[in-house]
Structures are given as structure tokens and as C-alpha cells.
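The chain that follows stands alone, in the form predicted alone, written as C-alpha cells.
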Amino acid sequence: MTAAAEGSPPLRATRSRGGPLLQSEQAQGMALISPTFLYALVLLAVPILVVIAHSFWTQNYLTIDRTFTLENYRVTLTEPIYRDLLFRSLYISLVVSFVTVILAYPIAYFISFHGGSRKNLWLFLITIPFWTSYLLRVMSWKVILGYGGVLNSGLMGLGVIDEPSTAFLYNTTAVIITLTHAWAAFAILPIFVSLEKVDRTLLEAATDLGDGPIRRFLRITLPLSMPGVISALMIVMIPTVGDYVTPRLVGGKDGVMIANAIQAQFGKASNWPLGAALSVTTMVIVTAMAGITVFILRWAARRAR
């Protein structure tokens, strides 16, 4: 009893010394985080706040009237041209996201489960198209899908069509094809990483219990790789809504997206407040759409287990 009583003061002293030490570590941690946080705040939060502020103002020739108004949002949500462009952009973004992930999943699965010692080589080969400029890749699809392009020439050579078709270029389909190719690698990599984390012993146990390949995939592999699928969807979905280069080069009048309208407002039209309102509206809708997509996929993954 006496020994315990005698030993208690050093214990309290140790704890009292631990307090400043912990506070010191916390201060050091905050000191390390603060520059990064401030950097992100300046480069991300401040521009967004500036855009949001502009969306509540109006353009008066070359000057901006800073009187608060919701007129820009009324125009954004009620004008048929902007509403149609927004719906088309969301449609293209969703289609590109799901098509890209559906095409990327088998490739990632093959590399993860059958790549063997050549996994790094396969991943290296996937990145080769990104050695060239994005504009060059878009223009390549313009050559492939064009009136006198590779696709028309091949179909005519096979006797499928008698004359070149104009249905492959300057429309929504051309935009979807080009964006799917452009973002394929960004979908393959997160799915591959997620598949690499799947415990192979679970698959062996399922095999011992009599599950076939399809049942093993649906009950084990796919649910466990769902974080990678969700990441791939988000990586593809969010940037494609804001792409204006691809629609301009291969979309034509039927492939114009909301980003082209935003670029026009900030550029030739010099109507920054309306462009800001279009940007904020698009950002909010895309965020809601991404959240709903994530919720549905997570719910489906839980039900599949």
C-alpha cells in the first residue's frame, strides 16, 4: 500500500509531463498542416467563393453591378437553351461514366487476377496514350470518325455501307466515344487498386463451398471492389460535365455542352455573372447527382453481400 502510494507521484508527474508533450505534438502537426490547408484554401475555396459572389451580380456593359439579384439563376433555370444544354451535359456525363467503368472493369480485372508478374507492364502500356497531347487524341478520333475517316473507309471496304456516313461525327455519340477513350485509364487504375485489395482466400473459401465463378464475382469480388468502381465513376463523371474542348471539336451543334455556354459567357459574351450562375448551378446539380450515384451503388453493394 505504501509502495503504491509512494509510486503514485511519479506517475502523476509523468502524466503531467505528457500533457505539454502532447500539446507540442499537436502544435507541430498543425504547423505542418497549416501551409497545405492555406494553399488549398487560396487555390480552391477562394475562387469558388468569387464565382458564387459573381453569380448574384449583373453585368452592365463593361462594369459589374454588385446589387444582389437572383436574375442570373432565373435565366439559368428557365431559359430553354441553358436547360437543354444542362440536361444534355448530365446525360453525356452519366453515359460516359458508366460506359467507361463497364469497359475498364474487365481490363482491371484481367491485370489484377491474370497479370502475374507483368502487372506493371500492363499498367505501363495503359498509360502510353497519355504521352501525347489531349488535343491530339481528340483530333485522332476526329480522323477516325470523319466522313472520309478510318471507320467509314473500313465499313465501305467490308461492304456494310455503300457511301460514307455522316452519323459518326459532330453529334452526341462522337462526344461520348471520345470522352470514354480519354478517361479510360483514369477508370482502370482505381478499379485495379481496389481489386488488388480483394482477399484471394475469400474466393478460395467460396470455391470450396461450391460457388461458381459468376456467383463468386457477384457476391465477393464486385462488392469488395465497389470503392474502386465508385472512385472511377466520380473521377470520370465530374470532369466530363465541364469539358468544352471535346464537344467543340467533335460534337458539332448536336454535341454542345453546358461548359461551352459557360466558356462563351466568360469569353465573347463578357457576361461573367451569368457564366458564374451557370457554373454554380452545374456544380450543385453534379454534386447532387454524384451523391445519389454513390448512395445507390453502396446500397447495391450491401444488398449483394
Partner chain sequence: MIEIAGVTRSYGAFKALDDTSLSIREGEFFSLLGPSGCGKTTLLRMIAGFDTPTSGSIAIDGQPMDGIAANRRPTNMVFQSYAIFPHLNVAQNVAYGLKRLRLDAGEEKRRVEEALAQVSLSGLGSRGATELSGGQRQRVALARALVMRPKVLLLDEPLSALDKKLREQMQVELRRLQQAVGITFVLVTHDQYEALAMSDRIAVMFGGRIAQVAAPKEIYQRPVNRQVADFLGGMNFVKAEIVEESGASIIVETHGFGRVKTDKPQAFVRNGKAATLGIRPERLRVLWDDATSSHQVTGKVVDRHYFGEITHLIVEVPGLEKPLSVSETNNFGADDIPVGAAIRLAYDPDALVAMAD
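Positions refer to the first chain, counted from 1. Just so you know, these numbers come straight off a predicted model, no measurement behind them.
Omitted here: the form predicted together with the partner chain. The next part is about that form.
- Put simply, of E163, E204, E71, E79 only one has a heavy atom within 4.5 Å of the partner chain in the model of the complex, and it is E204.
- I220 is the sole member of I144, A182, A174, I220 with a non-hydrogen atom lying within 4.5 angstroms of the partner chain in the model of the complex.
- Heavy atoms of L224 reach within 4.5 Å of the partner chain in the model of the complex, making it an interface residue.
- Residue contact check for L209: one or more of its heavy atoms lie within 4.5 Å of the partner chain in the model of the complex.
- In the model of the complex, the partner chain lies farther than 4.5 Å from every heavy atom of R83.
- Although the partner is absent from this view, R215 contacts the partner chain in the model of the complex, with a non-hydrogen atom inside 4.5 angstroms.
- Residue heavy atoms within 4.5 Å of the partner chain in the model of the complex occur in exactly one stretch of 101-109, 196-204, 230-238, 88-96, and that stretch is 196-204.
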